[in-house]
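Shown here is one chain on its own, the form predicted on its own, set out as structure tokens.
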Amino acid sequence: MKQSYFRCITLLVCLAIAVLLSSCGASGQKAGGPKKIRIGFAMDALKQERWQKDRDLFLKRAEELGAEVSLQTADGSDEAQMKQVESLLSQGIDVLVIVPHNAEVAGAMVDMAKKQNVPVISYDRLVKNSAPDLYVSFDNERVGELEAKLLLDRAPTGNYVLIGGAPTDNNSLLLRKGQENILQPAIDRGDIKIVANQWAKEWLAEDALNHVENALTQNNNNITAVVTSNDGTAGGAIQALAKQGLAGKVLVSGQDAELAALQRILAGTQTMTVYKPISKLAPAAVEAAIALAKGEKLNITRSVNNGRIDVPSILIEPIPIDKNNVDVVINDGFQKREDVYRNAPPKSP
């Protein structure tokens, strides 16, 4: 009798354990539920306001679609990014999304992922000389064209300074190509003269400041426009101009629609920025990552050559912003009205 009793208790305990185990799956999944897609997101850095927004929007969309994201940030270090990608791959991610610090160095990271049959998306910045499955970005050559065109329309003659971004970032090269597409005919006609042509290491504002200071010294402050490639370097350029009492008198371009840049545009010290609707970019990357992880085919109509292959691409159209259409950025939810207009001069009656 006692043996039957204990056998009964043992059986009930085993059944309880089995039920408990069957109710739990990997990553907290219910039994029989779909496996969560695991996305490895390897970012270069988060110092700039723009990249913090990319991160937040990316994570939000992934959560909405039930995907897990393992996020790593390299803080501008090739070595750190390589180790982080190795770590992500060792965790068994289903797809890798990478914002490369160095377009060339990151090619080895793509190759490493592909050897493990992990699909790769090159996010915003194109990884060179490798075979990523997809490039999701904005038309960066078009961004450069927009930066140069608005300045040239307002100042069709004079001395121009070009300040590019990090030379290790392929986007910097695409931006410069777009700027030259617009400026070269005016250069050939002799309407404008490029008196300085520099690159800002790591997109540093202080590097741009130094380059513009040197250009002002070498040209006796005779500068008409400074084509800077993003809002951070625009801020550095404007600091240099302000020291000479030229802020607001010399045209300055930028991109990313950062809060400080929009405030400078309203104050009159920065001429324009280019808004890249990240609210479209980050979700598109997440949706594509999930599709690739599932082995689904993407509907791609464009490609960009990275030195090895024509990379299938999703390219989103950028929008030029000046003081006349700042509200585009606000209405899109990218910046808050009260922040943008906080220090704006009162409108004339």
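Start at 1 and count along the sequence shown; that's the residue number. As the structure is a computational prediction, the values presented were derived from the model and not from experiment.
Another form, the form predicted together with a small molecule, is not on view; read the next lines as being about it.
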Option from 48 to 56, 309 to 317, 289 to 297, 64 to 72 whose residues, in the predicted bound form, bring a heavy atom within 4.5 Å of the small molecule: 48 to 56
Close approach of residue 171 to the small molecule in the predicted bound form, 4.5 Å, heavy atom: yes
Proximity of residue 211 to the small molecule in the predicted bound form, heavy atoms at 4.5 Å: no
The small molecule contact at residue 203 in the predicted bound form, heavy atom, 4.5 Å: yes
Contact flag, residue 230 vs the small molecule in the predicted bound form, heavy atom cut 4.5 Å: yes
Triple contact flag 125, 255 and 276 to the small molecule in the predicted bound form, non-hydrogen atom at 4.5 angstroms: yes
